[in-house]
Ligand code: DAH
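One chain follows as structure tokens, the form predicted alone.
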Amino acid sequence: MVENTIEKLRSLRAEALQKISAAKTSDQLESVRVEYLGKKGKVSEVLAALKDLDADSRKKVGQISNEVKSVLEDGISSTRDQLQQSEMDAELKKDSLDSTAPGITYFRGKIHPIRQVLREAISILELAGLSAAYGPEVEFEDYCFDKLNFKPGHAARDMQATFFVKTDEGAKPLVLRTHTSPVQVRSLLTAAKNNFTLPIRIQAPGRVYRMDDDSTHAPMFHQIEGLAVDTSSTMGDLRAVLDFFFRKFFDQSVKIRFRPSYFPFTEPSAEVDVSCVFCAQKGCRVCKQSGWIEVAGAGMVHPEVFEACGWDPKKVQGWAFGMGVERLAMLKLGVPDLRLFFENRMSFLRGAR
């Protein structure tokens, strides 16, 4: 009986190997595996009879059965790899897929262009000795207007279309700040409480809000302002700081000029222009053939502002300036429409440098 069992196992091995070689698909190969090595397969049926043999016979037949199983499993494995590769090649040809074509490109994230420009501006102003200071975006109306010499009913309030925040009856009026100048107010008030500590040299970067929306204005944008207060600051110092900033930010060849202007919180006041960074003052569409581009407002801190913040304007003086970060970004990056910065178009954001 032992010899018959061994002979049957060898016969099944030869039979199975022949069918393995003849298999044309993975499904056919799987059928052969189940037929011979499955739980109810032919090899398993032969081995089921081992329980009727003595120990020595079971050992002898067991060795042969392990050899048969190993040979069949190896044959099935190698044939499966070949069939799967052939089937994959056939499928690729049928689908007309170019396996040599480049795969999907995953773009790395990058800093938003406005954030890049803001960081650069902050860094340059820090080199000029102005430390970054921050304040709340929902601000007291008093800090946003009154203490900056925007008196109730003052025509200058019409210069800035404001979002007002609903508050409880009797509470101090709140607004979404229209500029970062309230940070200057807070710095003056804090220094006044601390025994009128001088000097004050800060920059105030952050988001501001106005009811504007067109190609050069947005309801939310960014500003960066500067404030310096001591006993001897002059317009000459202000010009030196701005000249340093714009030469660093744009190019060493850039020139700046001051034009007389009006702001409620400075006196005297000036509009700040830079020589056109696109045409080198030859005249172009961007500068409207003038050779100059307006970039900032500036001036000496108004005595009324000092008094509103608890300072004696006869004992101190200072200068301040403010500029729009989006405006700077548009000039530096050559962006024609401010709204592009907020539309989240990936093609624009990837291309912005």
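Residue indices: 1-based, along the sequence shown. Owing to the predicted nature of the structure, the values given are computational and were not obtained by experimental measurement.
The discussion below concerns the form predicted together with the named molecule, not included here.
Contact check at 4.5 Å (heavy atoms) against the named molecule in the predicted bound form: none of 147, 177 and 306 pass. Within this chain, residue 246 is remote from the site of the named molecule in the predicted bound form, having no heavy atom within 4.5 Å. Proximity of residue 258 to the named molecule in the predicted bound form falls outside the 4.5 Å heavy atom cutoff. Proximity of residue 209 to the named molecule in the predicted bound form: non-hydrogen atoms within 4.5 Å are absent; the residue sits far from the partner.
Heavy atoms of residue 225 reach within 4.5 Å of the named molecule in the predicted bound form, making it an interface residue. None of 39-47, 64-72, 23-31, 297-305 except one has non-hydrogen atoms within 4.5 angstroms of the named molecule in the predicted bound form; the exception is 297-305. Taking a 4.5 Å heavy atom cutoff to the named molecule in the predicted bound form, the contacting residues in 305-325 are 320, 321, 322.
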